[in-house]
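In structure tokens, one chain follows: the form predicted on its own.
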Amino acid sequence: MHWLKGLKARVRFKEPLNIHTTLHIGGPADVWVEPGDFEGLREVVCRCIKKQLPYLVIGRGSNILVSDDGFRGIVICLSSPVFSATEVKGTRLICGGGLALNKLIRQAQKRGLGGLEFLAGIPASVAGAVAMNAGNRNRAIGSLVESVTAMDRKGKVRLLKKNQLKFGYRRSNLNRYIVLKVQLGLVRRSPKKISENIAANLAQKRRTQDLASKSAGCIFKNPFAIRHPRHSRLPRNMHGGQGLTAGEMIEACGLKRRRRGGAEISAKHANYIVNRNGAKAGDVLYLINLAQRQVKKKFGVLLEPEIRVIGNNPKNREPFSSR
């Protein structure tokens, strides 16, 4: 591919994507590119646009399901150190989009900056977490974001201030951008207290979530949060599913431990589908469709996937930042 010559990037061909996703599922990408810096990234994006080549940007690969056939296009990974740099200005922490979320939390702890502890245990990059507005039932990272430096689909870098950012339940207006840097507003807190908060959050998640298995995190969004994004919890109504989480609905349908090939609906948390033994993308998709059908039949609710399915769609020419 002569158009790749001269790029400030590492380039590999037929790169298996299963080693780059937390589900450990996915066929090869035609081209795998790791830009060395911002200019290298801009050049890759501009060349993809000029050649009309489909491309996507992935982070930690925790909220995607990649087809077993892989991705017919260019996969861009922001793994260079320049995309993980951090800078502190008072209680503001500026970090690169490629930085792992758990590393960000630890770096903030060392500097005595708290507020991120509720995100502990989420295997996301900063860019993916912000684009998806990752969080828990009560809070999301968007509440801490003060500004975002991002690259648009034409390769132009823009500074998006707080009033230009829109965050909702597991969504934002950043999906059409590649997130390069994020400025977070944090609070002074002792490293010891931050460590205690992190430990408490991780302990709670380990009790209730299948963190030790290969998964993509929660498969579905919680319906009550979609309908009422300002409410963390609503009164329960078993007949209509009001106030129930997606996991509780799936569990009520008796689908825990349901298997298809190497994939299984977790016995610990029904909103997790785990790769037990060599699962294929088709196995996971079968269980996703099964859960949607059964929940729709029992509760009249169509569950909306939180993860994204990556396949051979020739129209996919926009950047996509995964967790």
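Residue numbers here begin at 1 and follow the sequence given. Worth saying up front: this structure is predicted, and the values here are computed from it rather than measured.
The discussion below concerns the form predicted in complex with a small molecule, not included here.
Of the residues given (T208, N175, S190, S143), N175 alone sits with a heavy atom within 4.5 Å of the small molecule in the predicted complex. Scanning L78, I198, M249, L93 against the small molecule in the predicted complex with a 4.5 Å heavy atom cut-off leaves one residue, L78. Remark: of stretches 129 to 137, 190 to 198, 249 to 257, 84 to 92, the one touching the small molecule in the predicted complex is 129 to 137 (heavy atom within 4.5 Å). In the predicted complex, none of the heavy atoms of E15 sits within 4.5 Å of a heavy atom of the small molecule. When the small molecule is considered in the predicted complex, I265 lies well away from it, no heavy atom lying within 4.5 Å. Although the partner is absent here, N222 lies well away from the small molecule in the predicted complex, with no heavy atom inside 4.5 Å. Taking the partner from the other structure, the small molecule in the predicted complex has no heavy atom within 4.5 Å of any heavy atom of W32.
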